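Only one chain is shown below, in structure tokens, and it's the form predicted alone.
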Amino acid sequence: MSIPVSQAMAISSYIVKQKLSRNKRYPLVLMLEPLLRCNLECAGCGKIQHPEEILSTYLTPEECWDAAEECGAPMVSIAGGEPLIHPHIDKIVEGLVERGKFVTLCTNAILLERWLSKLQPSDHFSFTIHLDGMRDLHDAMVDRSGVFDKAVAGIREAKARGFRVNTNTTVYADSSTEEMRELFNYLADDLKTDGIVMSPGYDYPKAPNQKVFMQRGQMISKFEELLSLPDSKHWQFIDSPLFLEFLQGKVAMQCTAWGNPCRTVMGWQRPCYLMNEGYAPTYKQLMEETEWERYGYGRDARCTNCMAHCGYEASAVEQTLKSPVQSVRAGVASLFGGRS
């Protein structure tokens, strides 16, 4: 089961309330960046290209909790930067869980084992470990040897201690179908992770290696080939069925950037987690003052090759709710591993 039943029920209830209240735009996941500093310089990352004074700035636990309350999203994805560098990350997680949020902490796992004794397993908390391939490819993408082995050791230890552990794989131009097949089989059969998040990379202009990014047509072809493999039927995707169909070019969707608002050390980032058009001082101002209609496929050139889950999973949820058939399929997928 890739998503706990309690989480699926709580999120469904939240969405129903939004619909009954006739809210046109509402958040599903708060993308929380309590810091932007990282201990890696990944080939496709554009999050760490900031001056030292920004990299040295951390949100306090209170600021993180306030952001969650201000936003109101039922889920919080703690990213960065590398969250486990934050000296109070355990306190941040604890406070969010106490507030009833479903929290996932996204990490490269280099520092994971030293934090496991300070964090508590919970049906409201999970780790999401970054793995972009098997050993050689992953270490090449993060530009450091030994990181794959460190991540695997962290996954095994976290699972042994009773934590829910998911993985996040960003698919790039160098991610061959065979490499991804081997990785996902390894995650499912050997490591027995709880779920897989899969998404194409976003072409950050400041990323160190621009050759890793794909154009939209290449993405569709790659995901269509990957998800047509017989092996894919037992991969436990957290990605929704409709998002996986979108990746294969089977359905068309427009981005709903407001579904995953981003609170970073500089404020509420406009318009989304991936693009930076400045910052709003409050969540209310982000929602009310951002010209959402300006962004998305066919509207902004920077969105042309974006098919990332942080832009389109909220779209998939919205589109699923409009179709009774899709709603049934999504319900079945949430109970039996993320796909139907």
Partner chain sequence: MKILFAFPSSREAAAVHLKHPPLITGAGERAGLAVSERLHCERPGLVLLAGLAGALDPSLRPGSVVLCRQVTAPGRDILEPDRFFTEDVRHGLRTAGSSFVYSKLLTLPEPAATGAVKLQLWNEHGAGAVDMETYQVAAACAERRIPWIAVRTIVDTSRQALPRALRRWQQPGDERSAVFSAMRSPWEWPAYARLGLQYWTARKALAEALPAVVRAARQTRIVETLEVL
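The structure displayed is predicted, hence computed values, not measured ones. Numbering follows the first chain given and starts at 1.
Unshown form predicted together with its partner chain; subsequent notes refer to it.
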Inset, instruction - Check, residue by residue, if Lys91, Asp123 and Arg156 all come within 4.5 Å of its partner chain in the predicted complex, counting heavy atoms only. - result: no
Inset, instruction - Name the stretch: of 165 to 173, 203 to 211, 128 to 136, 253 to 261, exactly one has residues whose heavy atoms fall within 4.5 Å of its partner chain in the predicted complex. - result: 253 to 261
Inset, instruction - Would you kindly say which of Val265, Ala188, Ile220, Leu111 lies with a heavy atom within 4.5 Å of its partner chain in the predicted complex? - result: Ile220
Legend entry - The unique member of Gly249, Gly72, Gly100, Gly146 whose heavy atoms fall within 4.5 Å of its partner chain in the predicted complex: Gly249
Inset, instruction - Determine whether any heavy atom of Glu291 comes within 4.5 Å of a heavy atom of its partner chain in the predicted complex, and answer yes or no. - result: yes
Inset, instruction - Using the partner position in the predicted complex, report whether Lys284 sits within 4.5 Å of its partner chain, counting heavy atoms only. - result: no
Inset, instruction - Tell me, yes or no, whether Pro51 is in contact with its partner chain in the predicted complex, where a contact means a heavy atom of each within 4.5 Å. - result: no
Legend entry - 4.5 angstroms heavy atom contact with its partner chain in the predicted complex for Lys322: yes
Inset, instruction - Any residue of 294 to 322 with a heavy atom within 4.5 Å of its partner chain in the predicted complex counts; write them all down in order. - result: Arg294, Tyr297, Gly298, Arg299, Asp300, Ala301, Gln319, Lys322
